[in-house]
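Have a look below at one chain only, the form predicted on its own, in structure tokens format.
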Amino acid sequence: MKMKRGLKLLALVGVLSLVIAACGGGEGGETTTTAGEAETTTSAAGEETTTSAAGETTTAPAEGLGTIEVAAGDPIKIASLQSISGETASLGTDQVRAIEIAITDKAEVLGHPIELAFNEDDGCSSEGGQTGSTRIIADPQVVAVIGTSCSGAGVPASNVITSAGRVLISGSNTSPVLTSDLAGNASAEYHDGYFRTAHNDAIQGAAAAKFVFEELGLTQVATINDGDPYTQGLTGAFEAPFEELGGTIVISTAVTADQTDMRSVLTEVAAAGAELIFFPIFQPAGDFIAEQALEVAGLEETVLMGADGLLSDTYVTLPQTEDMYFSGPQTPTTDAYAEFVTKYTEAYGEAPIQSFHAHSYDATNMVFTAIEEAATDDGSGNLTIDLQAFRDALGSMTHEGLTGSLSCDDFGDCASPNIDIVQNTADQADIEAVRGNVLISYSREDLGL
């Protein structure tokens, strides 16, 4: 009898413990629930922290996304997370400048000045995206982040920033993994609160494939990626439609971003009989592929093709890139864009140096418009920005920008892009000339997407 009574007492204590925990009566005021292999803890402050089976942790407000209060006279804070150092610095620097021009043009939102509170370096890497985004969200006043430059940095940054209730909107992330397959299916790394004004590479890959097969008449192609979500996504987006058209991918291979000797990979490509090498990667790896391809027997007549990651002022001026083809976003030709380029040149002493400045200018202005729609003023100049309303405003707006009419789908793809195919011929002296040497353009409709 004593043993049974003891067991009943232990059971009662266990039940009471669960009731206390469920009511938030523990020392830290936390409750924990488990769904499958994911565990969610709700703190006394109302924040939910979810830990996945893989050990990844995200934190978000338990109810809604919360608000940001901006006192009368205080600035509205936004942030930049771009690649501004190393070999890919031109990609990020170009976009930071566009963000700065957008801030200057707008001057204020609802009577408040605009502050670029952070200019973090994503390093075009996963680590840079994680570190930079963590620094930014530590400031509870930052409403939105313009970035990242590279999809590899965008994967962790999207998770960190959107989990904190804020928005990440990119002018140059193009990997399908961040949004969808454009057929209504969310991708693995899609997070609500992520948007982009750049194209989805499902479009660019199909455009490049159509050009190679139909315009160049080549059917035997090798692809090279560097393991980054952007390069893997774009080579994959090229390969499938190319094979559907009737072409053959003779070899699909990879290098590392820091690899300098490409000869063994290029020798394999030559042995496979490739008529064209599609390598949508970044510098410096792209430098070594173009240079060393000239040295490998069997590649003397092989055509080289890159993508927007290599459409920079530091790449197209290399002698070994002469006659290369590139795919990339269409350069705007409107008066508004010409006015923007004039402002850019006057402010920075040179014309735009990469492909995505206009996209980041548009992204920044979309943020300003969404704030205007989502914020309320108490009549004394104090603003309350409802973060869910802000996110909803971005997702539902139609913005007439430098890159065209932008309207976001359910997965954050906002662009309605045209993809240009350009060539770096012998008389091309700079990036503007190469981007202007358009051989053909493809719309989404042209590609049946």
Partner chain sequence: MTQAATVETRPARRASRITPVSVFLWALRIAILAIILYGSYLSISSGRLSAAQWRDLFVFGISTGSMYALIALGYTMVYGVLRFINFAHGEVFMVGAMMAFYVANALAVTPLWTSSPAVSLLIVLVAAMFTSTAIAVIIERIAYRPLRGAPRLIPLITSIGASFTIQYLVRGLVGPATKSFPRMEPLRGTFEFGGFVILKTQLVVIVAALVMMGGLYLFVEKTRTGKSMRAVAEDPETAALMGINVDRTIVNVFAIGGAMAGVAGALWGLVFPSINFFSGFLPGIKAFTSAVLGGIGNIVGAMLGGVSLGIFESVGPSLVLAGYEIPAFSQLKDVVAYAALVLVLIFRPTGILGERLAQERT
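Positions refer to the first chain, counted from 1. Since this is a predicted model, take the numbers as computed values, not measurements.
Below, we refer to the form predicted in complex with its partner chain, which is not included among the displayed structures.
The closest non-hydrogen atom of Leu182 lies beyond 4.5 Å of its partner chain in the predicted complex. The shortest heavy atom separation between Phe288 and its partner chain in the predicted complex is within 4.5 Å. Within this chain, Gly73 is remote from the site of its partner chain in the predicted complex, having no heavy atom within 4.5 Å. In the predicted complex, its partner chain sits within 4.5 Å of a heavy atom belonging to Gln292. Scanning Thr219, Thr253, Thr93, Gln330 against its partner chain in the predicted complex with a 4.5 Å heavy atom cut-off leaves one residue, Thr253. Of the residues Thr260, Thr334, Thr104, Thr376, just one reaches its partner chain in the predicted complex with a heavy atom at 4.5 Å or closer; this is Thr260.
Note that among 292-300, 95-103, 210-218, 356-364, the stretch whose heavy atoms approach its partner chain to within 4.5 Å in the predicted complex is 292-300.
The candidate site formed by Thr267, Pro284 and Leu318 is fully in contact with its partner chain in the predicted complex, as each residue has a non-hydrogen atom within 4.5 angstroms of it.
Counting a residue when any of its non-hydrogen atoms is within 4.5 Å of its partner chain in the predicted complex, the hits in 212-249 run Asn225, Gly227.
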